[in-house]
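A single chain comes next, written as structure tokens; it is the form predicted alone.
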Amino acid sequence: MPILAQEIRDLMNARNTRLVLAADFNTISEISNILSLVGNHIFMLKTHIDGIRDFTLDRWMREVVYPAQRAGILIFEDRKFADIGSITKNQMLGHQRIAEWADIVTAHRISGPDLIDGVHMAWAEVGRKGSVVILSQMSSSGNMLDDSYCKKVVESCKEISGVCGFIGNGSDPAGISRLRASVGVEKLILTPGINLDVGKGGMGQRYGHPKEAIASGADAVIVGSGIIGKSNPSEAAGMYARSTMEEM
């Protein structure tokens, strides 16, 4: 049985936050440190394990995974799987052992639905459960995930039990609203491209306001630089967490 969208919503309500931290660091110690600083304000920690330069499974589990689990925080590996099912299963069970610690992973839909089966087969092999979030929109400028592609992705995945939700574009409230209308109420919408300082960031990134994203239909917002780039990350995370729970 996969992790269901309602279980994640219940966790958000219990922790009184809809904030996902994008821990975009290169070392285990940096991620461990930021988790200790902002853990009280988040319900999920998003990682890019293939960007960790000093990765060893033992340290990763000891310094990041176990502390997150003790705190009741889900771990969201933003791997963006995009291969066939058998290869995806192998990637989940490779030397990073994603299946052993990730609760949520991201995937593209373009390669076919057996990718989702491969992910869940890997979790089953290690005696765990999790769920997949499918990329239906992106916040980077010039991306090719247009409305037509988004509609096809949602229609092909919203009835799959192993998919708990979709990635939306936090910098486009109207796009989030359209996505919510297409997705319905059963699945989650998680939105990167969020910053209290709205506008255009570096490397083609665009930002929207967290309150506006939630009001437009997002269940949760994903924030990186707006927290980890601040001199007081705990204070910044608290501001984001509160903004996700406030009415417009």
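Residue positions are given as counts along the sequence shown, with the first one as 1. All of these numbers come straight from a predicted model, not from anything done at the bench.
Not pictured, yet referred to below: the form predicted in complex with a small molecule.
Stretch from 129-137, 94-102, 174-182, 154-162 whose residues place a heavy atom within 4.5 Å of the small molecule in the model of the complex:
After filtering at 4.5 Å, what remains is 129-137.
Is the gap between Ser225 and the small molecule in the model of the complex 4.5 Å or less for some heavy atom pair?
Close contact exists here: in the model of the complex, Ser225 approaches the small molecule to within 4.5 Å, heavy atoms only.
Quick one: is Arg59 in contact with the small molecule in the model of the complex, heavy atoms, 4.5 Å cut-off?
No.
If you check in the model of the complex, is Lys187 within 4.5 Å of the small molecule, heavy atoms only?
Contact with the small molecule, no.
Report yes if any heavy atom of Met12 sits within 4.5 Å of a heavy atom of the small molecule in the model of the complex; otherwise report no.
Contact with the small molecule, no.
The small molecule in the model of the complex reached by all of His48, Ile167 and Pro192, non-hydrogen atom within 4.5 Å:
The answer is yes; His48, Ile167 and Pro192 each reach the small molecule.
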